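One chain is shown next in structure tokens, namely the form predicted alone.
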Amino acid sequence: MRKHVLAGGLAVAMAALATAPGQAQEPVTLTYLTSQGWSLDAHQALAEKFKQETGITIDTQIVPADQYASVLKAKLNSGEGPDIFGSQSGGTEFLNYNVEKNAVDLSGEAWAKLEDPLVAAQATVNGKLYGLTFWDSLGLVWVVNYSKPIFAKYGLTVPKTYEDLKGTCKTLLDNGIQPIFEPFSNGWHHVLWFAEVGPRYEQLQPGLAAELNANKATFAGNEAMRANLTQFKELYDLGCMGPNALSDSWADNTKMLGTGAAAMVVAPLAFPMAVKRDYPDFNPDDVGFFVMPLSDNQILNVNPAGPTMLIYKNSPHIAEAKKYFDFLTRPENIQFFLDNAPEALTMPFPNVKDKFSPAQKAFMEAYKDNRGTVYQTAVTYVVPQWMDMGKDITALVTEAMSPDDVLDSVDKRRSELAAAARDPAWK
């Protein structure tokens, strides 16, 4: 297995599995182009295991997140796409990459009948399945992870409104504790506070996502969205995100909670296990969870979409790529991934042993009847402009843009993306 980073980025080290090799086929290398953060150590371990079993090498090429879409589109448009490429499922990015033209229909594969229908639906276009979402969408739901010991020490309770959150932050600041770790420098994380709260926008204006997708509504002028951005900026201005938020990096996420440097981090539900991995003495049970309460949100933000692998239609190795997908979706390999990925709690396939802790199960159970789909999945032309939204929200907190400017900018890019996709709703 080979792995390298294009245009810089993160190199992930992993140890080769001691698996007895099977009958080696002719030497074939499958190139797999993916965005930074979508290829975990467990993926790499399975790629090595696949090579030992089949002789087929997976050459994982990782592109920084802010460059990935342009790099992939350039390759697809040139007719020289990688054998396998990654894409966020959920419709918009599939449109962006024209998967009906560029990807192989996988509807007839045996594993396609086993994948969770909600997850498979996000990788389906016009009734055809184009991708394998070998990812934990549920366990990676983004929520506020908070330090129970810190909250207990200062008599704090879980915030249920924006004013509650602001009051919590002020108490922590008064006691010399950074309330929230919010890293801006990677360009993507701070956008979560806006897009993941989509279910609240939908609650306040039922049918809004459908109206946005039909070009019958806009982000501009939406009071809940304006409130979200206004409140986010206020938290920043108050110092709730620390003195170095603009230069902080997501790479320090486990350190901030694991060492008690910050009381709260927006992270996946599985985040306590990642902290435990990096800080062995850390107790995952010391972490609690609550939904992001901007715009007074109290709806759990779920996303059945996730990083998805597609096979390039013009690849000379379609059969080998399908064999790799078959390998990944064997029950023992699904369980291997789950057991070896601290970030994952479950997988969208049957008969897997999940890793939900009692606290995580209780949290999910509390929201079983109060969930909604995040707007990067529910609304078209949001995901492709994610990094641009990150730049706009950075401009917001640095006084270069207003909340209304940000919403106008989102609408403008949506129109441009819709025009490029020849979306009939924008004619």
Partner chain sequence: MSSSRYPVYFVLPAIALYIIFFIIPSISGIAYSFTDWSSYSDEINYVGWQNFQKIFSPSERYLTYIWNTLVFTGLTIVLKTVFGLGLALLLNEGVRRFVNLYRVLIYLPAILPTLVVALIFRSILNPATGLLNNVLRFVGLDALALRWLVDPHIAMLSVVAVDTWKGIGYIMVILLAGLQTIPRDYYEAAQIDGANAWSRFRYITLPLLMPAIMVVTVLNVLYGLRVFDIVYALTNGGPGYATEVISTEIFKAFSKGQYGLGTAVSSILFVILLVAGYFVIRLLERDRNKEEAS
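Since we're looking at a predicted model, the values are computed, not measured. Positions refer to the first chain, counted from 1.
Form predicted together with the partner chain: not shown, discussed below.
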Exercise for the section: Could you tell me if all three of Gln67, Asp392 and Arg422 have a heavy atom no more than 4.5 Å from the partner chain in the model of the complex? Expected result: yes
Exercise for the section: May I ask you to choose, among Asn215, Asn96, Gln203, Thr254, the residue with a heavy atom within 4.5 Å of the partner chain in the model of the complex? Expected result: Asn96
Completion exercise
in the model of the complex, the residue from Thr259, Gln335, Asn175, Asn244 with a non-hydrogen atom within 4.5 Å of the partner chain is Asn244
Problem - Proximity of Asp388 to the partner chain in the model of the complex, heavy atoms at 4.5 Å - result: yes
Problem - Contact test in the model of the complex: Glu416 vs the partner chain, heavy atoms, 4.5 Å - result: yes
Practice task
Report yes if any heavy atom of Thr161 sits within 4.5 Å of a heavy atom of the partner chain in the model of the complex; otherwise report no.
Solution key: no
Problem - is_contact(Thr29, the partner chain) in the model of the complex, heavy atom dist at most 4.5 Å - result: no
Completion exercise
Partner contact check in the model of the complex: of 69-77, 194-202, 121-129, 309-317, the stretch with a heavy atom within 4.5 Å of the partner chain is 69-77
Practice task
Give, in sequence order, every residue of 338-377 that has a heavy atom within 4.5 Å of the partner chain in the model of the complex, or say none if there are no such residues.
Solution key: none
